[in-house]
Structures are given as structure tokens and as C-alpha cells.
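First comes one chain, alone, set out as C-alpha cells in the form predicted alone.
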């Protein structure tokens, strides 16, 4: 993608009278850091970037910013929000449209075809973080790092994020403006993470998740970053009645994560944000991908690909034989 083209189009979009700001990616404070940027003018548009470091799914901001009601004496600004999206991010926007979490006339979708993002953990393990800003680009079949003036070519497979290895939609499924050319979808890798857990017996699976969920500190980062966890009244926060206690232990942690996983069944779009932000590295993606595969294989449903679809959990069919019901 041409960076000049991105910034030119972004400046044109924020100059529109019906757009209040654009949400995109900009360089962070140091090293590999990338920050969300809220752009309101051409000067802000000149800071926008799109690189293999732009892992974060910005769609979560669509349901976080400027919630009604507004403070007394102020009028709601009903102009549109422009949003830069990768393929997986666009699925989140589509699913929000399906669920009426947002409306189509409230957002301008700027699509960014995605050749694949780097895994921040793999990157910092191989090339430790530095105080100086590091530039990472796509280069042929790999990534090109510019660290302290030194260019380092790294093969794609060494740094590619797991969610990108498994990505079925690298190109945006919905967009008003498409930046650059569509990328050629790649051959999907085997989901070794899910296969590893499935290969265990029942006791082994329990032991595996007990070890993982026991690490949870209940920081709620996974829920807060998820673009599909946008209920104003989360059932997992309720105290009367209490569904999940605030105690940090294996039992309550398991209840929290299992409940959240089932709330995302038929809704999770595989952006991997929950796993990326987890401070104790719980492989939440394995749980979500397992349920997503079951929904896809058993019901032929894939979320976030059709804005006219019915929500999966609201698509009851009266003629369903229901043979599995005892």
C-alpha cells in the first residue's frame, strides 16, 4: 500500500462535513509500538500508517466512544466515524451491523487489504524491543525490519501471527473506500493449537484448561478489547443475582471464560485481540476457534461476512429436527 495514498485519502475523508473523525493507526512512542490515532484534520492524517505492526482491531472503538446520553447542555454529534480496517476487523464491523450494535450510516469503512501481521511476541523474542522507533514493512514473501538504520529481511513464516496463518478473509469483506489492491488469499495452515487440545483425553483437556485458567488475574482485558463484547450491562458483572464471583480462583475464572466463549459462539470473528492483550498468555484463541469451527461445520454459519445475515443465536428454525435433545 502506498503511504502517500493512504494519508491523502484520510485527509479527504476527515475534511468531509459528514465525518467527525477517523480512527486509524499511527506510530507509537518507541520500538515496535503502534497506537490508535483519532484524526480530525490533515495534520493528523499525515501521521497515519499501515504496516505489519498494525495488529490491533480498531473496531472496538465504534461502541466505546461518545455513548449516549451526552452531558446536559450538549448536543449529540451524529456525524459519521471513519474507520481503517483489515480483513478480520471488517468482519467485526459487519457483525456489529448484523447485531444492530452500529448502523451503516454511522460509519465510513476504509478497507486495507492485509498481507499478514507480525506476532508481537515472536518479534520481540527474536529482535528485542528497543527505545528507538522500528519500522517494519512487507517485502516480497517476508518482512523487512529497519532497526537503527540496519535493514533485516525476515522470512514470513518466522514472524507471522497465528491468527493470520488461519485467516480466511485477508481482504475487507465490507468497505466504502479500498486502499491498494486486494491480496491473494493464502493456503490456510493447520490449526495446531486446537488440534493439540483435541488430541488429549477428557482428563487431559481438563488439566490443560485448569493450568491455563488458574493463571488468570481477572483483569478483563480480553473482554474490554473484544469488539463483540459491547453490552453496557455485562452479565458477568452482575451482583444481584451473582453469576460469577469476583474471587480470582480456578473455579470462578473458568466460569468467566467459558461464559464469555459461549457468548461469542457464532459471533467471534477471529481477530485474536483477546489473546494478544492477555498479560498471562492464556491461549483464548484456541477456545474461540474451536467453537467457531463447530458453528461453521455443524450449522454452516460464519459470522461477520454478510451484513444482511441474521444473528446466529437468533436464527431458530421451527423445522429443526432437534434429534440431539433428550
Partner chain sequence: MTEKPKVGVYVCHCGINISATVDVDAVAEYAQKLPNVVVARTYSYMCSDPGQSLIKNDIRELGLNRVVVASCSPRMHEPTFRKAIREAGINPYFLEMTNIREQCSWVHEDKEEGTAKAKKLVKASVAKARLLEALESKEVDAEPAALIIGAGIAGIQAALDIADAGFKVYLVEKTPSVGGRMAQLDKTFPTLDCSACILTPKMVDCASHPNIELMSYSEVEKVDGFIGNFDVKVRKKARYVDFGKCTGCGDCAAECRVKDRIPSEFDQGMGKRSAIYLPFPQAVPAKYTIDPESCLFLTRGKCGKNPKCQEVCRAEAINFDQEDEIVEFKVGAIIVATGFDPFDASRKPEYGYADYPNVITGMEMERLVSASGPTGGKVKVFNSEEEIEPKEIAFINCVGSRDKSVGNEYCSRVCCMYTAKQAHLIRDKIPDANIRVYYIDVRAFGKGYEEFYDRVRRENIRYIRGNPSEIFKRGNKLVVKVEDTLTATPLEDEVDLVVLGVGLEPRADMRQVMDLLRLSQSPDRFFLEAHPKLRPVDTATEGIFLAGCCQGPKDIPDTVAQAKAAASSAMIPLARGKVMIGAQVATVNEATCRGCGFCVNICPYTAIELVTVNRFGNEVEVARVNEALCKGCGSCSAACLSDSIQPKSFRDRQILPQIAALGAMK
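Numbering follows the first chain given and starts at 1. It should be emphasised that the depicted structure is a prediction, and the values quoted were computed from it without experimental measurement.
This protein has a second form, the form predicted in complex with its partner chain, left out of what is shown; the following refers to that one.
Remark: none of the three candidate residues (5, 8 and 165) comes within 4.5 Å of its partner chain in the model of the complex, counting heavy atoms only. When contacts are judged by a 4.5 Å heavy atom cut-off, residue 99 counts as touching its partner chain in the model of the complex. Taking non-hydrogen atoms only, residue 241 approaches its partner chain to within 4.5 angstroms in the model of the complex. When its partner chain is considered in the model of the complex, residue 18 lies well away from it, no heavy atom lying within 4.5 Å. Taking non-hydrogen atoms only, residue 187 never approaches its partner chain to within 4.5 angstroms in the model of the complex.
Distance criterion of 4.5 Å from any heavy atom to its partner chain in the model of the complex singles out 228 from the list 173, 134, 228, 161. Only one of 175-183, 110-118, 137-145, 70-78 lies within 4.5 Å of its partner chain in the model of the complex by heavy atoms, and it is 70-78.
Heavy atoms closer than or equal to 4.5 Å to its partner chain in the model of the complex belong, across 248-263, to one residue only: 263.
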